[in-house]
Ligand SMILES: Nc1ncnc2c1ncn2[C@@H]1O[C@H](COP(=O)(O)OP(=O)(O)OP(=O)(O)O)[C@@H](O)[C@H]1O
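Below, in structure tokens: the form predicted on its own, a single chain.
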């Protein structure tokens, strides 16, 4: 078997105060997979993503990229947040250009790559605008463009569409799928939405309530674009709903018990 693109080996993470966020997570993600992490609030999905990004070091265990331990942040693993995280003093074009400049890509090459990415995400006419002049959906397009223009092997996405209205969310989901299919990027995508995980993923990993562990690992073999009304699709949806709601119920019980 080929070396996994990302491997989580016996990951445990304990926050100050003794809160165990993640416990004994073992997970391998293959090259080019679109893996969705699904589970109730507080189950450690975002923590696992931050560990993969190199923002946090696990209390125990090791995360590897292509077999090598992850040590700190790297342009090989880029993060897209729910909060956009754009530079407000920079134009759209400058925001997308920023990472290329930091990695010392020649200016003429960088400008051409930015031009192509702005066109792909329908941002070209907004190139000279500032983030304050953009809608939430447009800001998230810029955030995705800023990451994808660097052609990272791994893209980590922490509920990037959660704050958007349903129509904008579906539009960006389709554009993300188009970019992923064209680039072959490995994506690890955190979501609370069963529908979103089913629509985007080639695989859904369901996590338990805190402390987070892998409860189920379900491959999605449906072709893109997804036909969401087929019996097979609805059967998997029912399976995921049952798994997630069982964990949500336990989470609520634990919260009520204090």
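Just so it is clear, the model here is predicted, and its values are computed rather than measured. Residue numbers count along the first chain shown, from 1.
A second form of this protein, the form predicted in complex with this ligand, is not displayed here; the remarks below concern that form.
Contact annotation: residue 192 falls within 4.5 Å of this ligand in the model of the complex, judged by heavy atom distances. At least one heavy atom of residue 40 is located within 4.5 Å of this ligand in the model of the complex. Residue contact check for residue 45: one or more of its heavy atoms lie within 4.5 Å of this ligand in the model of the complex.
Proximity of residue 159 to this ligand in the model of the complex falls within the 4.5 Å heavy atom cutoff. When contacts are defined as a non-hydrogen atom within 4.5 Å, none of 84, 86 and 141 contacts this ligand in the model of the complex. None of 27-35, 215-223, 46-54, 62-70 except one has non-hydrogen atoms within 4.5 angstroms of this ligand in the model of the complex; the exception is 46-54.
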